[in-house]
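The chain below stands alone, shown as structure tokens; this is the form predicted alone.
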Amino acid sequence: MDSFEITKIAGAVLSALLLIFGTKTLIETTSHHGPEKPGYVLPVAEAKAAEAPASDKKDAGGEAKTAEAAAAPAAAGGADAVALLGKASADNGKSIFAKCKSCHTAEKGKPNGVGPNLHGIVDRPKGSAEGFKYSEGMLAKGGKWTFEELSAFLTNPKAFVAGTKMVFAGLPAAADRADLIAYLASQADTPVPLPK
């Protein structure tokens, strides 16, 4: 075998590899395998909706509730959870806050994470955690984080603040929001008293 035949064999092998890997790369670049939306949505709202008994999913006439009816707590300004604050459990709220710990802290002096530190959040101006870069929507919202505002935000963050960076889907259950707000209210130098 002379060097010319060895060169032809090596060329054929390299051409075959180029054809195989080139075709594979072309297919991968032209087909979409990634998520439709970037980021990760926490499955809390979906899990709570799936756990609801069938009687909760239908009204008195037996018809399924519409999306507008499901969004009623957010439209009501979070008053449903505020009404439960007198009986809310900060201990339960602490366990609910475990879902939030991947992005937030609530202890005094802890640094911001993916989300701002929530220490002293109740009655704090929106978009005011030192050193955290808020979305334009949050900065434009203005006002303070009252119990009602926190409840409405926790129901559906994206509906409450257009353009929010928060990817959390929300807490649809008023009792869960009340417990979480009770916990957050307790995480302050001078906790704001809960309504009775």
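Worth saying up front: this structure is predicted, and the values here are computed from it rather than measured. So that there is no doubt, residue numbering starts at 1 and follows the sequence shown.
The same protein has a further form, the form predicted in complex with a small molecule, not shown here; the description that follows concerns it.
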Open item on the list: I'd like to check something about residue 168: if you look in the predicted bound form, is any of its heavy atoms closer than or equal to 4.5 Å to a heavy atom of the small molecule?
Closed with: yes
Open item on the list: Is residue 94 part of the interface with the small molecule in the predicted bound form - any heavy atom within 4.5 Å?
Closed with: no
TODO: Using the partner position in the predicted bound form, report whether residue 84 sits within 4.5 Å of the small molecule, counting heavy atoms only.
DONE: no
Open item on the list: With a cut-off of 4.5 Å between heavy atoms, is residue 184 one of the residues that contacts the small molecule in the predicted bound form?
Closed with: yes
Open item on the list: For the small molecule, considered in the predicted bound form: do all three of 159, 172 and 178 come within 4.5 Å of it, counting heavy atoms only?
Closed with: no
